[in-house]
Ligand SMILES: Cc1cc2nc3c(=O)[nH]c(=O)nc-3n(C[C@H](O)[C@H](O)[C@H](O)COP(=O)(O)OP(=O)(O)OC[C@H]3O[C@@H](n4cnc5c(N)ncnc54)[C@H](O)[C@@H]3O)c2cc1C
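Quick setup: one chain, the form predicted alone, written in structure tokens, and binding and motion questions come after.
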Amino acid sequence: MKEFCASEIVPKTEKLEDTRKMPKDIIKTLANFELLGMVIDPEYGGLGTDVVTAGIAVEELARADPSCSIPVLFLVGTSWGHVLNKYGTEEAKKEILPKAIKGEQIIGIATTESDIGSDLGSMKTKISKKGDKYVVNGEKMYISGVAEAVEYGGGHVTLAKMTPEKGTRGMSLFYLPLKDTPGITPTYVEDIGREAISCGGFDIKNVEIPKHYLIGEENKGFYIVHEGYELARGLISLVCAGAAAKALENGIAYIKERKAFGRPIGKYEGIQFKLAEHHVRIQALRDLGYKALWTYDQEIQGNASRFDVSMAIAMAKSVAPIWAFDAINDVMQWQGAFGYTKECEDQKAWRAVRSFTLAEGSSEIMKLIIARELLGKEFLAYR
């Protein structure tokens, strides 16, 4: 991965911030190195690896791409490709997964709405039966990869209410193609970071999808969707670790050379102590991230419970973006005025990791999960 990223990824990242577009050749480069199908079963063209191996890949991608756009493309496709691989119908898997693995289509996730984030029970999007098809109405917003799916092809694993009176027990999960789909109207917003992976949404008006696009059983989508989110959260932890580690390397090189009052600023304790603290936190973060993904793998093998996974993932995700942001922020501080310019590559990572305090479950939600596992469900504040 290190060699691949150095030769194939780093040279392609320089213009991502300016073009604000994920080039097709980057997607094909990932596909050619068999990264887009790592966790997918070999019968559909994937490698069938464990998710820890996917963690290794995404950590190195984050070190190579300070904007974290490419890691986001990778982790979203990996997480929701895994869900489709595990719970999708045979017909859907044969239709969708080989194309995604080859980089011909992308797979995303769409649960968030304009005023609905982690509170999925308040979602307004609905799905209903119509003969041998389903009909979907609603809207999704703040979704990654909308432009890529619309332009290159692909779709999003989507959650909607099927039996509203049942609350979260009445939600279904399904695959929703975006390109050339009647009734889909995309819209886009401009994030402050992660420039090369699009963010936006889409209105869904009387969109018909075939029955085989349902993922899992009807009214079981709420439970399935959390498996995808937990995998994404574990991968995000290692994105944060990789981005922060690379920034810290940049910072070390700088403080060894930059002089103030006749000596390198790396000699000052005020900087040395911060450096030591951040190094320890990044190493601890890597340990938390890999333990979280290892626990996820253990559940797949039948050796851990869903609650074990939720706890391990939430522990890693709760601190990952915060520790990474603090480390990158100090690296920028060490670089003085240069650190506040767009010539400084660390500012790309600074803006990118800030998003992960929100994406795939906010830091506050992670703390609620940890507290729930420590105290019991009867202590949930929202029940």
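Numbering starts at 1 and follows the sequence shown. Computed from a predicted model, the values in this text were never measured in an experiment.
As for the form predicted together with the named molecule, it is not shown, yet the points below apply to it.
At the 4.5 Å heavy atom threshold, is residue 118 in contact with the named molecule in the predicted complex?
The answer is yes: residue 118 has a heavy atom within 4.5 Å of the named molecule.
Although the partner isn't part of this model, could you tell me whether residue 78 comes within 4.5 Å of the named molecule in the predicted complex, counting any heavy atom of the residue?
Heavy-atom contact with the named molecule at 4.5 Å: absent for residue 78.
Might residue 142 be said to contact the named molecule in the predicted complex, defining contact as any heavy atom within 4.5 Å?
Residue 142 belongs to the contact set for the named molecule.
Using a 4.5 Å heavy atom cut-off, state whether residue 191 contacts the named molecule in the predicted complex.
Residue-level check for residue 191: yes, a contact with the named molecule.
The named molecule isn't shown here, but in the predicted complex, which of 97-105, 143-151, 161-169, 207-215 has heavy atoms within 4.5 Å of it?
Partner-contacting stretch among the options: 143-151.
In the predicted complex, which of the listed residues (127, 73, 178, 110) lies with a heavy atom within 4.5 Å of the named molecule?
When the named molecule is considered in the predicted complex, the option within 4.5 Å is 110.
Can you pick out, from 31, 52, 358, 322, the residue that has a heavy atom within 4.5 Å of the named molecule in the predicted complex?
The residue in contact is 358.
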